[in-house]
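Next comes just one chain, in structure tokens: the form predicted on its own.
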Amino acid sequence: MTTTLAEQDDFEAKRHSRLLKAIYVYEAPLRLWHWINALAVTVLAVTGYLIGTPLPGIGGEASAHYMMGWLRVLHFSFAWIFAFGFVGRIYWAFVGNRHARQIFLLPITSAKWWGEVWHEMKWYLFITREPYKYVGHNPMAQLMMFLFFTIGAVYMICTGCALYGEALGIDSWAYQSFSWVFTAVGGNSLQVHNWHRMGLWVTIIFVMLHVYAAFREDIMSRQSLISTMVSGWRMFKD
């Protein structure tokens, strides 16, 4: 018999104590990755936007300020931080606790899980008055993290590496490894640029919703979110 996330979390809470006020959820490596990743996404979004839509020209010799060059250096540097961080995040999904695996494994065959997703959707839309309590991600957050971060990260890394390989040349490891991306869009380099840039806007929208949901849940659901990603402890206020 399968159990819902709410039932699993309720069992974990009862196992600790009937009067439990906090549960340790997110381990230190995961929390460190989260904040480094947040910084990387921010830098990538700003530099990526400016690379695609450059600022007006600056007077004088380009070598004197090297503005676009530094933007590219920052973009590529934080792209590697993002990519290697994602690989490390996958590793931690294997060696960390069960909460470290939530954004990679979805119980999509469970009707109960989809029912909880629907309940959380109604909660976010102010249709339902009471949310369920979860130790880790709620099902709606789990689904959104999988679609817009896990899948999104793979998408941005692949399209980004393809464009990076194009700049390095056809003999580079990046082009040899990711030239299939160009083939997938009909061999059009401009299309890959457009798809990569579209990923930027999807990521920005996701981050805005993610931050909004974190603050909203921290206040309305009476359980900690923001402080949990700092300390690792989920605090239940009721």
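The model shown is predicted, which means the values in this text are computed figures rather than measured ones. From 1 onward, residues are counted along the sequence shown.
Not on display, but discussed next: the form predicted in complex with protoporphyrin IX containing FE (HEM).
Contact check at 4.5 Å (heavy atoms) against protoporphyrin IX containing FE (HEM) in the predicted complex: none of Ile23, Tyr132 and Phe236 pass. Proximity of Tyr91 to protoporphyrin IX containing FE (HEM) in the predicted complex falls outside the 4.5 Å heavy atom cutoff. Put simply, Gly69 is far from protoporphyrin IX containing FE (HEM) in the predicted complex: not one heavy atom of it is within 4.5 Å. Though the partner is left out of this view, His137 does reach within 4.5 Å of protoporphyrin IX containing FE (HEM) in the predicted complex, counting heavy atoms only. Using a 4.5 Å cutoff between non-hydrogen atoms, Val211 counts as a contact of protoporphyrin IX containing FE (HEM) in the predicted complex.
Residue Asn37 is the only one of Ser172, Asn37, Ser179, Gln191 with a heavy atom lying within 4.5 Å of protoporphyrin IX containing FE (HEM) in the predicted complex. Of the residues given (Gly57, Gly60, Gly186, Gly52), Gly52 alone sits with a heavy atom within 4.5 Å of protoporphyrin IX containing FE (HEM) in the predicted complex.
With contact defined as any non-hydrogen atom lying within 4.5 angstroms of protoporphyrin IX containing FE (HEM) in the predicted complex, the contacting residues in 144-170 are Met145, Phe149, Met156, Ile157, Gly160, Cys161, Leu163, Tyr164, given in sequence order.
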